[in-house]
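The chain below stands alone and is given in structure tokens; this is the form predicted on its own.
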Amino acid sequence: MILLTGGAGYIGAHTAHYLVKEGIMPSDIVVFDNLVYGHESHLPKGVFFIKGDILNRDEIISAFKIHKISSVIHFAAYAYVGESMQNPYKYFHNNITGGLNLLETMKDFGCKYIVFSSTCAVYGIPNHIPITENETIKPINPYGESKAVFERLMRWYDEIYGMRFVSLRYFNASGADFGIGEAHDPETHLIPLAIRAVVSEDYTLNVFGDDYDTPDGTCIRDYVHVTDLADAHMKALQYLKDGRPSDCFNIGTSRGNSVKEIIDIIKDVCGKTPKYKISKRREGDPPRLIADSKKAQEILGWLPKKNIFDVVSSAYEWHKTNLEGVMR
């Protein structure tokens, strides 16, 4: 069976649905989530759900005792960069200590495969664009640091216990599928916030800086559709089951869009320009973050199928029928 920690969250739930769509029986999927940010209602019917917290090792052990877990996809983590700067303990405690609880339990039960939800934040402000997996690991916030530390921990568990891993360093997960969209609380991601600025008369999008060294002065990011991201997890798990060695892969489209370009695309999709204002830069925002995903394409056989218009269109279609999600 496959255990999805944090599997009721935005990316985790999409992955659960995608695995079922691709032929995995729902009864072979176990979702372990504390529901702080996840929603049990977002899961496909027939999967096993366990409400539990990775900080409580007894709860993880219980899940492994009840179900014969052969592999893990590990999503469970706190993931707000700004909050991590205000409360680093929360991020180090949950993302590292909780992760260690998971690794120790996997070791004790002989579970040898883990796919890890990592992040491009491990690179900090990169020296080269597009970013390859050879870029120096130098995170600039506790969130990125917590992910980088866990990657190093997995390497030791591989060397000592033969527990093989794939670390997927996401770029900007976006879009909607399976009736699930972005409704984080608080919401910090550009696309849902820009859509909010279309559908709500009372909300204006903050554009943090328009004086960066980019063609239009606004930051450029690589937006990957969440279903393509789910596909990467499935391919990474198969890669491990095929006996391949532990490795790290960037998961992005290798294309970038600036904040102003996203605003223009939303105008084209929605028929209305999002209301926005220029605010001062946020500390630590790199001008460009674009993935070089050739390694994932060549080794995992992964290729993003959806473009930025698919991302925005799917997000807008979801928000039109789930306005309470975007109005938070």
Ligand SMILES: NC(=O)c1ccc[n+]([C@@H]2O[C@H](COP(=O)([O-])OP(=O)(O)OC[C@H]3O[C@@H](n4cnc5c(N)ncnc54)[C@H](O)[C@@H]3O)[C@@H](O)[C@H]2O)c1
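The numbering used is simple: start at 1 and walk along the sequence shown. Treat the numbers as computed from the prediction; the structure is a model and nothing was measured.
One more form of this protein exists, namely the form predicted together with this ligand; it is left out here, but the text below deals with it.
In summary, the region of this chain contacting this ligand in the predicted complex, judged by heavy atoms within 4.5 Å and restricted to 291-299, 36-44, 268-276, 255-263, corresponds to 36-44. Interface membership of residue 147, defined by any non-hydrogen atom within 4.5 Å of this ligand in the predicted complex, is confirmed. When contacts are judged by a 4.5 Å heavy atom cut-off, residue 9 counts as touching this ligand in the predicted complex. The closest heavy atom approach of residue 54 to this ligand in the predicted complex falls within 4.5 Å. This ligand in the predicted complex is approached by residue 79, whose closest heavy atom lies within 4.5 angstroms of it. Contact with this ligand in the predicted complex holds for none of 62, 68 and 164, as no heavy atom of theirs lies within 4.5 Å. Contact with this ligand in the predicted complex, judged by any heavy atom within 4.5 Å, is made by just one of 107, 184, 128, 138: 184. A single residue from the set 190, 220, 173, 103 has any heavy atom within 4.5 angstroms of this ligand in the predicted complex; that residue is 173.
Contacts with this ligand in the predicted complex, taken as any heavy atom within 4.5 Å, map within 112-148 to 117, 118, 119, 143, 147.
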